[in-house]
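Next up: just one chain, as structure tokens, the form predicted alone.
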């Protein structure tokens, strides 16, 4: 299948975990009803984006939320990029994205590798490392729609990680993310578009909706960029589902017409990695 309909879910996340799960379930079903084959949830869609909540909302895998996501994928016959949730294992908490195929089987798990520790004077301070631990694997999943790379939010600022996904065959990369009102207006669009251009992939970013009453206010603007860096579809700030079509023939065509990947000087520089999920 060369052309795939994609749905990026931009939902408003509240403190009520049960309500968040019910909303996500309904929005996944609506995305499938409108023909989406790949559905992407936002970062930390079960919990407010706040360090105090991560330990309280954390779950083991398999667990209640991963079981439900598998059921949503199977019932709606979609490949589900399950945003992210706080996952606990061996006394640690990770910011983790689980990926499911159309049969409900888990085919990938990405633990956020680069923790969001920033201190922008006079604007925002957030230290994920106060509660979360970093993952250590590059995540690429085989699907009927091609190979998909998955990472989370701050990970997208590191081009080396995106390139490793492409070296492993990724034609699409999806990033559940929650840029804020300082970093979002400054870097959201340019980062997503350049990761698409650099790697000649379809690049999708799925954000929570903007809630001005939250302690952490997400930027929103979930969007899909094509391999030429064009924005195919984009949300505003409010809760919605963004639909877009990805024609994978464009990946092949653009990589042939503008052979960035072939032109790399591997005799001079290389990227190496050890762990692949």
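Residue numbers count along the first chain shown, from 1. Computed from a predicted model, the values in this text were never measured in an experiment.
Keep in mind the form predicted in complex with another copy of the chain is missing from the figure; the text below concerns it.
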Of 89, 119, 130, 142, the one that lies within 4.5 Å of another copy of the chain in the model of the complex (heavy atoms): 119
Answer range among 67 to 75, 111 to 119, 80 to 88, 93 to 101 for contact with another copy of the chain, defined in the model of the complex as heavy atoms within 4.5 Å: 111 to 119
Interface membership of residue 3, another copy of the chain in the model of the complex, 4.5 Å heavy atom rule: no
Contact of residue 258 with another copy of the chain in the model of the complex (heavy atom, 4.5 Å): yes
Exercise: residue 186 in contact with another copy of the chain in the model of the complex, heavy atom 4.5 Å: yes
Exercise: residue 48 in contact with another copy of the chain in the model of the complex, heavy atom 4.5 Å: no
Residues within 4.5 Å of another copy of the chain in the model of the complex, restricted to 197 to 223 and counted by heavy atom: 197, 198
